[in-house]
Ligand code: RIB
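Next up: just one chain, as structure tokens, the form predicted on its own.
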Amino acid sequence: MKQERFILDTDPGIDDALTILYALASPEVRMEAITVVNGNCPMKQGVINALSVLELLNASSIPVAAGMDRPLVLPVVNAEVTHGKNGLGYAELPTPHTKPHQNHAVELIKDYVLENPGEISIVAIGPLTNIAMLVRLYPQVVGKVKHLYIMGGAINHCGNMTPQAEFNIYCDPHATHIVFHSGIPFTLVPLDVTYQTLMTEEDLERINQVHSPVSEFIVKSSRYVMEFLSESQAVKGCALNDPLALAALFQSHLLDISHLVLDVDTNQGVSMGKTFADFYNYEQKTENGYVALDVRARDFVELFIDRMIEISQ
């Protein structure tokens, strides 16, 4: 079986950590590297979290590189209220022994892509600051990235940061605008689908039955998000936002995907960070991206739970 090779660009909070586990549990993919950006937690904490999660699975051979620690234009935004002080909810992992890669995240991505043209996809599950910098500094990568999968945005769904904006896009809408119009082929996996993929308390109990350090980490971290979503948004479960974006890379049959004209509002105001699709193509523009608008949610959750149980044993 030929594996899909990819770089994970992430801001390691809870569902980011679950995505790392999902990648390591999935033989269909090969995670070449992890690059970290400011988002759910400060970038430096995100590097620690990524290294710690890899050590939990004895996967420290995968390089982790520190990236952009602030948005292109706007002030820094983090999500401690959603992911906890250390970004991993109720879970605590030992301080990692592994050191981050010597190169900056943008340089690392550039090197992988240019040395393997057309072979490396990027799964971006945090703000798009690293990817925007990649495009601006090294425009020659645009035609050489196989595909970009983005967890972010809300098309027909309300936002989770403002009434209209999803967190990742809100953190750096200017970076999103650069990426959307860069020419890199991309698929957006927005809240429209990710908020359908809810891991329930019963699902966590199935994982908890394994009784291992990995299962304990999954349960403790996920429960934090589950409690936050229940209290703040009346969402009953832990939304598997970021793992679903990874699934778009190798389990796209679970998603209903449309080719549309996509854009983002970068103006200061109530709609800043709002992603939108021009469904009727009023301005007669060429479609610039793909977007997932529906998902076979429970099928995905079951696959995810099965692999979490497997990797926990």
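Bear in mind the structure is a predicted one, so any value in this text is a computation, not a measurement. We number the residues from 1 along the sequence you see.
Quick note: we don't show the form predicted together with the ligand, though the next part is all about it.
Considering the ligand in the predicted complex, which of 35, 275, 40, 49 comes within 4.5 Å of it through any heavy atom? Contact check passes for 40.
Tell me, which of 180, 167, 217, 149 has a heavy atom within 4.5 angstroms of the ligand in the predicted complex? Filtering the options by heavy-atom distance leaves 167.
Please determine whether residue 241 contacts the ligand in the predicted complex, using a 4.5 Å cut-off between heavy atoms. Although the ligand is absent here, residue 241 would touch it in the predicted complex, with heavy atoms inside 4.5 Å.
Does residue 91 reach the ligand in the predicted complex if we count a contact as any heavy atom within 4.5 Å? Heavy-atom contact with the ligand at 4.5 Å: absent for residue 91.
Contact between residue 191 and the ligand in the predicted complex at 4.5 Å, heavy atoms? Judged by the heavy-atom cut-off of 4.5 Å, residue 191 is in contact with the ligand in the predicted complex.
If you check in the predicted complex, is residue 197 within 4.5 Å of the ligand, heavy atoms only? Residue 197: no contact with the ligand in the predicted complex.
Which of 287-295, 7-15, 301-309, 20-28 lines the interface with the ligand in the predicted complex (heavy atom within 4.5 Å): Partner-contacting stretch among the options: 7-15.
In the predicted complex, which residues of 197-216 put a heavy atom within 4.5 Å of the ligand? Going through 197-216 in order - heavy atoms within 4.5 Å of the ligand in the predicted complex - there are no hits.
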